[in-house]
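Only one chain comes next, encoded as structure tokens, the form predicted alone.
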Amino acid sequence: MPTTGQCCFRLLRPGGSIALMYEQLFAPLDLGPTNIRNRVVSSGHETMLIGDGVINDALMAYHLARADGGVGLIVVQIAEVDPLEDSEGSVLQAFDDKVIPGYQRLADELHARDTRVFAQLFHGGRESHRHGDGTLPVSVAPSAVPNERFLMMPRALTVQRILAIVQNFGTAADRMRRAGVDGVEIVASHGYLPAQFLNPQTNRRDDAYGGDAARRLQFLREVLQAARIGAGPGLTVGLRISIDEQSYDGLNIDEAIDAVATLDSEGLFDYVSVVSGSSATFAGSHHIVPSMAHEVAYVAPRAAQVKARVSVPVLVAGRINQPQEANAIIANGQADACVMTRALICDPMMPGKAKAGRTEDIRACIGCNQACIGHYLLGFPISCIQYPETGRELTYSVVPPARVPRRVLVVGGGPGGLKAAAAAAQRGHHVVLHEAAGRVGGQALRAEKIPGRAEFGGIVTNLEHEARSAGVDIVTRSKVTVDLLEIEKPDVVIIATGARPRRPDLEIGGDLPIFDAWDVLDGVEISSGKVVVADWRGDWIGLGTAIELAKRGRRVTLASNGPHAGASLMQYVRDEMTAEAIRHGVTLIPFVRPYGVDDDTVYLQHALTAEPVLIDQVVALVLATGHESVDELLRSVEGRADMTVIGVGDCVTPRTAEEAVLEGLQAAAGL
């Protein structure tokens, strides 16, 4: 057997082209009555692409892109089974027959592509969303135990209401049977209602549905029985469960595995999908969509524990981003199939590329969480910072070849410039990219220096490979000037010259050293002692710089302009980085802005009261106070009649890599 990280393969067509095949990953698998062509799974995940509680064209196009890419099984995002828990159209409504045509159309299209489709049946219990008018619903749970993360105090369920919810799972499964899907998956993961019944911390009942472990299991048992009856013998019934909720009051490993083993012995499901974490707590929620701070495939050992106790196939999720990782998990017997959802968000064609031996062409997910789960938490449709076509399939799934190839000169090799160059070349334009530095990458090359953020550099590797594969001529150590443009005379100039650190106006009354965050990330030495990091934007730069300095042994105070450190970061990333900062002794001060310095004191001003906040005995001030555009070339040439000039990314106005890459795509698509 190969060890983790290795892949099983055989060489095909000796004497001809050599292809790499991941044998275990691309072997078929039976999940009850459903046979899937390979063991790559897209799990149920929120997309914010639906409308009015039904599958629409946008969600259809999203899933068809992944089916065209070769995925074996798609589990569609959660569908609410209980009309009393209606999220007013923001999730699929499995309690209403109106969902049937959408599921039916999706199933037909996926089956035509040899991809199987399961529906995910859901009740959040105390994990309830706000109503459309912003008011809080009456959430329900086994017992009136509050929720840490969403601050919900639920109402304890009556037995009558429990029986109604069980019946709702059964009727929802029947709707999915009529819609023609291949199976249903019961969501008992991440602290949702079935998990709340299993957990003695949240189930304090003393009746048929609570008390000892056997009675706490009864609700999930009845749900699975109802789903079996509703789905009928032709459909697969699966169970998704967190084996470790990673929470102070969460369902623990032994409790979860014992529950799964008991239900398996009763023949109530055809597979179990193993995940980690809980939506109910800040620490547990990190594991719903684990960032690059977590090890690759870190849940696989837990899946192996489950596999040793059950007779059905085991699926596993948790930072499985590459086919070699998935193949090793299966080859090692830790699981039978791998959930690779973000890998497919980043590269819908990943399975087909791997099967064809084009591993180097796979656009690897970097676990940044910015545009996938980050968009969802902000209420926006799903996307990917590396692949903005995701979630925009109706616009960019097919970008036609250029009718007239044009000479395109791209200035700047950061993520925005690389995407613009790659997309333009893919359309048939003749593209040259000039980068002033010795290598492409821009600010991403500094982002990867942040502790725990090394994978961010993968965006450069991926986009550079795409550009070179498309035929882009990349010229480094070449600063483009107006004179060079006069010599080259391109038809189109796409300018992506990025940004530089911004320094606010400060009252300087002494010799206290002042650095930019970029200086720290580039390795500048700062004297031992107390260092203040002033953070304006509340992103990874301020927090990351503070962590880096603390790891060097400095006593660090992070002074944030916002309500807390990392205020503009996606919650899971923010909380993980904040925890890391606290573990390294960083002092966090909210609502302050830098005002001035003297020899050893940093003067801050409270953002709400305007009162002074002084920090003395300081050896250095580090500024993470945003950026200003490097836009001199753009301002010099925009508006010219002899060439088309387009600015993308930070040179237009400083933002993030996501906007730069999207604007690069948009610029190329418009040529």
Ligand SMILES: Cc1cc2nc3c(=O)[nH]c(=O)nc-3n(C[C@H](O)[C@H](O)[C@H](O)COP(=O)(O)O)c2cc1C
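So that there is no doubt, residue numbering starts at 1 and follows the sequence shown. Because the structure is a prediction, the values reported are computed rather than measured.
What comes next is about the form predicted in complex with the named molecule, which does not appear here.
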query: Output flag, Gly32, Gly170 and Ala231 jointly within 4.5 Å of the named molecule in the predicted complex, heavy atom basis; finding: no
query: The named molecule contact in the predicted complex: Gly44, any heavy atom under 4.5 Å; finding: yes
query: Any non-hydrogen atom of Gln120 within 4.5 angstroms of the named molecule in the predicted complex; finding: yes
query: Exercise: Thr341 in contact with the named molecule in the predicted complex, heavy atom 4.5 Å; finding: yes
query: Non-hydrogen atom contact His190 with the named molecule in the predicted complex at 4.5 angstroms; finding: yes
query: The unique member of Ala534, Ile329, Ile345, Val314 whose heavy atoms fall within 4.5 Å of the named molecule in the predicted complex; finding: Ile345
query: Among the candidates Ile382, Ala550, Val166, Leu263, the residue which, in the predicted complex, approaches the named molecule to within 4.5 Å (heavy atoms); finding: Ile382
query: Per-stretch contact check against the named molecule in the predicted complex, the hit in 638-646, 608-616, 32-40, 45-53 (non-hydrogen atom, 4.5 angstroms); finding: 45-53
query: Interface residues of 275-289 toward the named molecule, as seen in the predicted complex [heavy atoms, 4.5 Å]; finding: Val275, Ile288, Val289
